[in-house]
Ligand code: PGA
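Just the one chain here, the form predicted on its own, laid out as structure tokens.
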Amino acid sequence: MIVALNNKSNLTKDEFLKYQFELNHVETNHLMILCPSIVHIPLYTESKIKLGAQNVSCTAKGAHTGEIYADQLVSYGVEYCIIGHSERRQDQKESDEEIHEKVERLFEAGITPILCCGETKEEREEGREKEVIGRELDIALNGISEEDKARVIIAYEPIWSIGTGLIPTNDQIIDIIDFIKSKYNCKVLYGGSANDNNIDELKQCACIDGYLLGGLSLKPDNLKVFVNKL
């Protein structure tokens, strides 16, 4: 199982150092990936948890004020990177084409993308979830070699579930993950209000290869319960 932790824009420097110490006491045999805020990446000192980032620039190095390019992440030991998260698609208006560029930059640098996809509540109610997810993935992975496609980690996060406490039924999750795996031979994570209270139900979906955790990632004690149930 893969357990990816998305801290989002949380934790001050001192809070992160305390959090990192507590996180180091979460024992598990599963692959854990920590994706902290970009300013905390240089502070990361643990070795048993892999280091990820929450974003990367579409561009290479150069005159791009405020951008973080892939080789900079590599120089700090980053091995994974979240891209295409719904919050960036919505808040920063990132397009599928921009996300495709980020996939290419990450592979050029040797970083494994954690590529997010998911539908809104309206798209789900209209029965267009597979159309939306299929388009997002097809554009993001267009022209990528079959070898690299197999390395991508896809995170299915229904947008209407993120931070709401609502989750799809197991049948709905299985339907989408089976659809994704029919198109791409890669690992698929589930994200969207997964926590230590609903993991017993979620883990009945044998097709889930792991979880992308947001709010739970900030609670090491609850996270310990979560991983112990996997």
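Bear in mind the structure is a predicted one, so any value in this text is a computation, not a measurement. All residue numbers refer to positions in the sequence shown, first residue = 1.
Omitted from view is the form predicted in complex with this ligand, to which the following refers.
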{"property": "Single option in Glu98, Glu129, Glu136, Glu157 placed near this ligand in the predicted bound form, where near means a heavy atom within 4.5 Å", "result": "Glu157"}
{"property": "Exercise: Glu104 in contact with this ligand in the predicted bound form, heavy atom 4.5 Å", "result": "no"}
{"property": "Partner contact for Gly163 in the predicted bound form: this ligand, 4.5 angstroms, heavy atom", "result": "yes"}
{"property": "Glu79: touches this ligand in the predicted bound form, heavy atom cutoff 4.5 angstroms", "result": "no"}
{"property": "Close approach of Gly215 to this ligand in the predicted bound form, 4.5 Å, heavy atom", "result": "yes"}
{"property": "Stretch in contact, per heavy atom within 4.5 angstroms of this ligand in the predicted bound form, of 144 to 152, 104 to 112, 117 to 125, 84 to 92", "result": "84 to 92"}
{"property": "Contact set, 1 to 39 vs this ligand in the predicted bound form - heavy atom within 4.5 angstroms", "result": "Asn6, Lys8"}
